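Only one chain is given next, in structure tokens, and it is the form predicted on its own.
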Amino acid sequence: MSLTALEIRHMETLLALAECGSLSKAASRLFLTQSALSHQLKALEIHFGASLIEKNVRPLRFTAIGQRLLTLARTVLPQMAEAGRDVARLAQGHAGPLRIAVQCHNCFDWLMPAMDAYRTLWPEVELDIISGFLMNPLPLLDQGEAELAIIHDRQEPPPSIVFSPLFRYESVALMSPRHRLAAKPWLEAADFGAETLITYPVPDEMLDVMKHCLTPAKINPKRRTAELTVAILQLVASGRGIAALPSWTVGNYLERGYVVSRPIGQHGLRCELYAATTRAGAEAAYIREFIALTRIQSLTEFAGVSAL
């Protein structure tokens, strides 16, 4: 059977299925609905006259034919990406610096692995993080002091700035397994009122739980602050208070039973992250690839993360 119907998007689908391990996660990574991904997979199976994925098997497993096509995808896609980088270098000249300004303490959990992976692809790029956490890092882009900023929540950008979606995440309430609130299926804003809220030492506008839940409800609990995520979790585990953090930061503590998590609100507190660049930066191949790599790696590897 001919391979001429196998397009780049099909190979990307096969790779996403292999790396994500499920249709739903692969669809999220590819910005498709699960139904659209299923139809694409079905069309490939009709074309090749054979199943590519074993039916009713968990975790997802490829058939021998699917595995052969996956091997092709793993060979071809990196070669195409490398060729694209070489073309960009020839067309645009050498890549410039990539200085990143961040708005959040816990961004480093996903940002540092993405930077490590990126360095192997663009070794000539001067990659750096601007020290400090900024309420509004966007002016640094216009001033030429940063090429990329990590921004919480969608906002109307200035005309010179472009926002690119990274991912959506859930912020969860955290407490000791022995805490009285651990008996509840989810926490409401009022549940925080009599508690000590353990947070990073930043303004309320930079805390998801305050910005999206407690401040609108006019709830202002007592505070205790800690600079590091691990210090916050240790304080929570020892019963000194409760916290609210992105779910990707707490996996090890949850698995070991040191803390428990509960949704904030019956349907959970969903927040968003964006990458902001100047319009010129958005056209630079080396910056576009960093954004794409960060998005794909985070969607694949971190709990509670979904596509925007």
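Since the model is a prediction, treat every value here as computed from it, not as a measurement. All residue numbers refer to positions in the sequence shown, first residue = 1. Take the two forms, superpose them, and find the largest set of C-alpha atoms that agree within 1.5 Å; that set is the rigid core.
The form predicted together with the DNA is left out here; the points below concern that form.
Although the partner is absent here, residue 65 lies well away from the DNA in the model of the complex, with no heavy atom inside 4.5 Å. The closest heavy atom approach of residue 271 to the DNA in the model of the complex falls outside 4.5 Å. Contact between residue 58 and the DNA in the model of the complex is found at the 4.5 Å heavy atom cutoff.
In the model of the complex, the DNA lies within 4.5 Å of some heavy atom of residue 36. Within 4.5 Å of the DNA in the model of the complex, a heavy atom is found for none of 180, 223 and 238. Segments offered: 66-74, 28-36, 274-282, 244-252. Contacting the DNA in the model of the complex at heavy atom distances within 4.5 Å is 28-36. Residue-level contacts in the model of the complex: of 11, 18, 23, 291, one residue has a heavy atom within 4.5 Å of the DNA, and it is 23.
Core-superposed comparison between this form and the one not shown: the Cα of residue 244 travels less than 2 Å. Residue displacement note: residue 25 has its CA displaced by at least 2 Å between this form and the one not shown (rigid core superposed). The two forms, fitted on the rigid core, differ between this form and the one not shown by 2 Å or more at the CA of residue 13.
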